Ligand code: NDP
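What follows is one chain in structure tokens, specifically the form predicted on its own.
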Amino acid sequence: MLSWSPVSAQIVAPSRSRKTSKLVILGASGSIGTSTLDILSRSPGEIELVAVSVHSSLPRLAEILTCFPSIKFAAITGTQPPESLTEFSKKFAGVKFFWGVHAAAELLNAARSEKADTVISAVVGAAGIAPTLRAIELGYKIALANKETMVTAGPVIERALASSKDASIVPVDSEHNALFQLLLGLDAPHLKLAILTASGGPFLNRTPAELKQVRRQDVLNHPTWSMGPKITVDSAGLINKGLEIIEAMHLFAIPLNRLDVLIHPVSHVHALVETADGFRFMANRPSMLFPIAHALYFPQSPPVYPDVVTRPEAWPALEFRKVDPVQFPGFALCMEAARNGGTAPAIFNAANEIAAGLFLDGLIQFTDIPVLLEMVLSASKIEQGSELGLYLEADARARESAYAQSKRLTKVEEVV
């Protein structure tokens, strides 16, 4: 059994030998899913891909099924006309298909019957909560790339993991994966501070007045990372980093007062820890290849990728600076939600998903995002508890509130 909390010092050192595992990818058509498929292609035969899910992209799913004939199960979680799914499934007679609201859970059940042991959870947003809980129940090792699961329902996930004999979580986000590795073998009392880094996004040196003029294409032009639209919007306002702090609180059982963020524009150092004898850090070029491979193979040693490793003499200058909460009000609001605890992070996350979507659809300005978040937080009741329903209800109410409040920021009469 792997401990899911590295700070407890219960995780054994990685093994140098590797055995073939069987993998499920939830969210195979997204950026994390695509990078995972690249890793599998680099080391054929070491990991067997047995099941994948996509939300709605049937053309991309067809490409994946063609490239990976080992896949036995596939799920489409979004809404599709039944006749199109029937016709699609006929093209891949050897694959069993699931579709609909419960498709991801059914996929995990079926794959477990084929002795699948690892799942990449790369579903976007709070939709990742249900499949993550099901994966825990089934005893999977979960390579988690869905921070909203821990932000929205962290106490619920913690309780589920504590009651499981076999399930474990290894984080995939580059910062959390780096922190995971730094905490291996470190006794909790020796940790003074855990630090996640942030690039600062494309607007690090913009004034508030200049931010009012930014457009969608400006926000999506991230200086160091290639990510999906929603997470790129979050990163531009450092909201993503606030969500990562909340995730770290649950993943590593580290209190908020021992977590911090530093802006590091070149994105070469991903996390640092401070102990009594100084600082340790994890550094490599900004590539998701490293954290995904580590999570997939852990506790075994991952393959070496010499084509993407840079020696220290070739590193860029390592600059760090504190986060200015005035410059990044969304980050400050997220930290307030973290301090309040209970359902506050779920409320914040739900409102942020709506706000980011409204911005991407051109219905509000980039600078309206933190305004809308504050409006929803101010109008919401924060509750404490560990029941899943409490957090799902808070999530649903916050989404309704965000839609309603957004009408004060836009001339669109109806937001859907």
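Heads up: residue numbers just count along the shown sequence, starting at 1. Given the structure is predicted, the values throughout are model-derived calculations rather than measurements.
Although not depicted, the form predicted in complex with the named molecule is the subject of the following passage.
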Exercise for review: Determine whether any heavy atom of Pro329 comes within 4.5 Å of a heavy atom of the named molecule in the model of the complex, and answer yes or no.
Suggested key: no
Review point. Is Asn177 a contact residue for the named molecule in the model of the complex, using a 4.5 Å heavy atom cut-off?
Key: no
Exercise for review: Determine whether any heavy atom of Val50 comes within 4.5 Å of a heavy atom of the named molecule in the model of the complex, and answer yes or no.
Suggested key: no
Check your understanding: Is Pro229 close enough to the named molecule in the model of the complex to count, meaning some heavy atom within 4.5 Å?
Key -> yes
Check your understanding: Looking at Lys147, His270, Lys241, Lys141, which has any heavy atom no more than 4.5 Å from the named molecule in the model of the complex?
Key -> Lys147
Practice item. Using a 4.5 Å heavy atom cut-off, indicate which stretch of 91-99, 202-210, 317-325, 220-228 touches the named molecule in the model of the complex. Key: 220-228
Exercise for review: Taking the named molecule as it sits in the model of the complex, which residues of 27-64 have a non-hydrogen atom within 4.5 Å of it? Please list them.
Suggested key: Gly27, Ala28, Ser29, Gly30, Ser31, Ile32, Val54, His55, Ser56, Ser57
